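Given as structure tokens, the chain that follows is alone and in the form predicted alone.
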């Protein structure tokens, strides 16, 4: 870095982590260039805009916006002013196939009454569950906010003292049994493990905090969809001086010895004092970093890791509205354990799948033309390890999924569909460059978290940093934004800003 000149930072990928890093580093006075392969920003938090409809590609709500609020505040902005959001209540409806439903409410008293409809004894334990998880999050937050560069980081007092409260040896479902005896109630507080692409029966118990965060801090809908947040972050980064270059994929990197020195595209060479990779970790490492530089994360190590499930997506523009369908609805298969086993162990298409539907137009009329609605349908399916022929299976699975919508009160939509886009696991690979179509990244097993997850400062290549769901702390928008804060602090320390 030349004395007296602003450090040059190149960010590869304009997903949420990359955009947050661009904002933070531009605010620190760095010369920031963002290189994005696609023609729009957001990555998995991108959008489909066709025929007056707008669909989020991936995430459809904001959970725990405090992290992003802090990032906006650090650059002198207010998140809720820049991107107005609505707090959803009910948070969502959980439908138990053939066994009723539960409307999750933000008010503990209202939520207790909902639980009491299914299990009066469990309703009495809600406040104990919330209190227990307030302790969990207070301990876990400190862990998530710091890098894990060495095994000695496990000896930090914040980590050691958290173990009795986080109970990492238990599964999420086992931990919930301390509070809720009814299977349906436990499912309503554990389906959130799907945000990590995992099963409640093997997901670490510390992730009960996901349901807690929803109830404690709310489920938020940004007006215009989640991608509107990405659009505004891009605009703010540019206002702070960052250069955003869309439709310009990075083809390779240049190195000075072992250190990274520049990003190369077909349009030019971008010198860098630091490079931040926000692309899918497994895919980008194997494509952009020669294996001789990746001693800890060689191709064999990347291949051997455990990856999340994938998803079969339907984005449907329909005539009319569905006022009886909640903004968010989760339908859980009658035999949930079988459903999970099909997806994660047997690697076969579930015949009676769980699914999620967003009917955002009950809250936000900007997402569809007048007299129409935008429906988002997500079905968890095996990742590419299953070697499913989606060209053969997609049409039949579409029909099966449309039939399954009757479980949440949606009749036959076929004659009402005026716009349709389907995204299969093949599409996640081809359009989003996601390794193995693992929509939720590397899974969050204990041996793939903290130190054992890719580090924010990539130790094998000086000058290379990582953000996004494939690195520490993990996937999901709040922790992706946290990864941007961690990596930005590391860059500032390393460059002595």
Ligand SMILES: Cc1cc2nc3c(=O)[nH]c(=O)nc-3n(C[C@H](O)[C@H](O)[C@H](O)COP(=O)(O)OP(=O)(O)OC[C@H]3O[C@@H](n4cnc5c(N)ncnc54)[C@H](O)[C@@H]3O)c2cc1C
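This is a predicted model, so every value here is computed, not measured. Residue numbers count along the first chain shown, from 1.
Although not depicted, the form predicted together with the named molecule is the subject of the following passage.
**Student:** Please determine, with the chain shown alone, which of 67-75, 96-104, 375-383, 118-126 has non-hydrogen atoms within 4.5 Å of the named molecule in the predicted bound form.
**Tutor:** Among the candidates, contact is made by 375-383.
**Student:** Just checking whether residue 465 would be counted as a contact of the named molecule in the predicted bound form - the rule being heavy atoms within 4.5 angstroms.
**Tutor:** Because no heavy atom of residue 465 falls inside 4.5 Å of the named molecule in the predicted bound form, the answer is no.
**Student:** Residue 38 versus the named molecule, in the predicted bound form: is there a non-hydrogen atom within 4.5 Å?
**Tutor:** Contact check for residue 38: yes, within 4.5 Å of the named molecule in the predicted bound form.
**Student:** Taking heavy atoms and a 4.5 Å cut-off, does residue 454 contact the named molecule in the predicted bound form?
**Tutor:** No.
**Student:** Does residue 486 reach the named molecule in the predicted bound form if we count a contact as any heavy atom within 4.5 Å?
**Tutor:** Residue 486: no, not in contact with the named molecule in the predicted bound form.
**Student:** From the list 288, 137, 240, 211, which entry has a heavy atom within 4.5 Å of the named molecule in the predicted bound form?
**Tutor:** In short, 288.
**Student:** Which residue, 311, 326, 354, 192, has a heavy atom that falls within 4.5 Å of the named molecule in the predicted bound form?
**Tutor:** Checked against the cut-off, the match is 311.
**Student:** Would the named molecule in the predicted bound form be within 4.5 angstroms of a non-hydrogen atom of every residue among 42, 58 and 433?
**Tutor:** Looking in the predicted bound form, the three residues 42, 58 and 433 all sit within 4.5 Å of the named molecule (heavy atoms).
**Student:** In the predicted bound form, which residues of 239-267 put a heavy atom within 4.5 Å of the named molecule?
**Tutor:** If the 4.5 Å heavy-atom criterion is applied to the named molecule in the predicted bound form, 239-267 yields 248, 249, 250.
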